[in-house]
Structure formats: structure tokens, C-alpha cells
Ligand SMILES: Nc1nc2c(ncn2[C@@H]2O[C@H](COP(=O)(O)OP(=O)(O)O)[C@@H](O)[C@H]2O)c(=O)[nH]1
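Take a look at this single chain, the form predicted on its own, given in C-alpha cells.
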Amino acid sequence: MTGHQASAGAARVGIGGPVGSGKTSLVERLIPALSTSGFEVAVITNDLVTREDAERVARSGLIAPERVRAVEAGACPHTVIREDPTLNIVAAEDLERRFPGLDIVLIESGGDNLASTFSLDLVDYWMFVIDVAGGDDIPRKRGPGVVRADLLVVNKTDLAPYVGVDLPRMLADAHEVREGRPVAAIDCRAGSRIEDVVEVLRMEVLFR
């Protein structure tokens, strides 16, 4: 695990980002990729007042439904991942009790703005997902999610030619504002470069 050490059991990895950036799609890509690499996975999803994302993941056929938990924030999505992460901590602890061989719990935040961050009482490592369709100026806005995340994921790279985005510049700006912290450019829809995210998790969190 990283130096955060939020948990003594399974590694807890947060996945945040704006609405529509592809957080749930990334979760759905990571589940089989991590499982194929020999890691046992569970998932917690956060929504405002629904269980939609959890139900989507549970129905996907990618993971046993009992390994998926839903947390309803009932307020701003960042509340239960930052200000008071108790609901997510309880959900993670319950999953670890039920599945003692767990290696990693993916904790997906509800969609929020660029200021979303995770409490280090909740997660050992967290990534922030932005997408090309949101504009190539997102890294230059230097939101806390973009700058502080352990890993920045730039999704929907396939759309760059269609939305007038200079992808090389966007990635260069991302590397500059993050001052050396990792950036992964992926296309969740096609499953392109998901292995880059898995490799970062293997090296930074899972150590095998």
C-alpha cells in the first residue's frame, strides 16, 4: 500500500470525477482486468439518492452482486468521501468481513466538480477521472481533483478529433500541473490503455 494507510485490510482505492467522465465505465473495465491479474475485487458506489450505479455494476456480470455496495450520500457527493466518510468506511469494513480474501475495494464517488477529493481516512489511494469531451483546458484550471489525485485519468481519448481537443497539449498540461505525479490516457469504451491504470495500481498500491 501507499503511505496513506487508511486501512489495514484490502486496499481502498477512490475513483472520483465529474458527472459523465466515465467513472463507472472505468470500474467496469478494472474489475476483469484486476481479476485476471489475480486480485480479489469489491466495489462501493456513491450516488446522491439512488443506487443506480451499484445496480448497473451488480447486473454487469463482471462481479458477484454480493461484492457490490451502494452508499446514498443524500447531499453533495463529496460529503461522504471527504467531510464524513463514515458510511463508506462501514461499507468497506462489511465487505472485508464477508470476503476476507479481498485485495482491493474500488470506491466510486458520485459525480462532482473539479474540487472533489477523498479523505485519507477512507482511501489508501485515489484517482480522478476527467474526459476529453469536457475540454482540453480542464488541466489548466488546476482543480484539487486534477492536481492532488494520486493518479489522473484522462478518458475518452478517442473523441479528441471530434470535439476539437488538442490531446497532446491536454496531456502535456496535465503532466505540468501535476508536477510529476502519474497521468493515464485511456478510452474506456474501447478498453484502450486500461492496463496502464492496472499497472499503476499494481506498483503503487498492490505490489504484485
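Note that this is a predicted model, so its numbers are computed, not measured. We number the residues from 1 along the sequence you see.
Keep in mind the form predicted in complex with the named molecule is missing from the figure; the text below concerns it.
Exactly one of the stretches 165-173, 135-143, 151-159, 33-41 approaches the named molecule in the predicted complex with heavy atoms within 4.5 Å, and it is 151-159. The candidate spot formed by Gly22, Ser25 and Arg56 lies fully in contact with the named molecule in the predicted complex, as each residue has a heavy atom within 4.5 Å of it. Interface membership of Val13, defined by any non-hydrogen atom within 4.5 Å of the named molecule in the predicted complex, is ruled out. Residues of 131-153 that come within 4.5 Å of the named molecule in the predicted complex, judged by any heavy atom, do not exist; none qualify.
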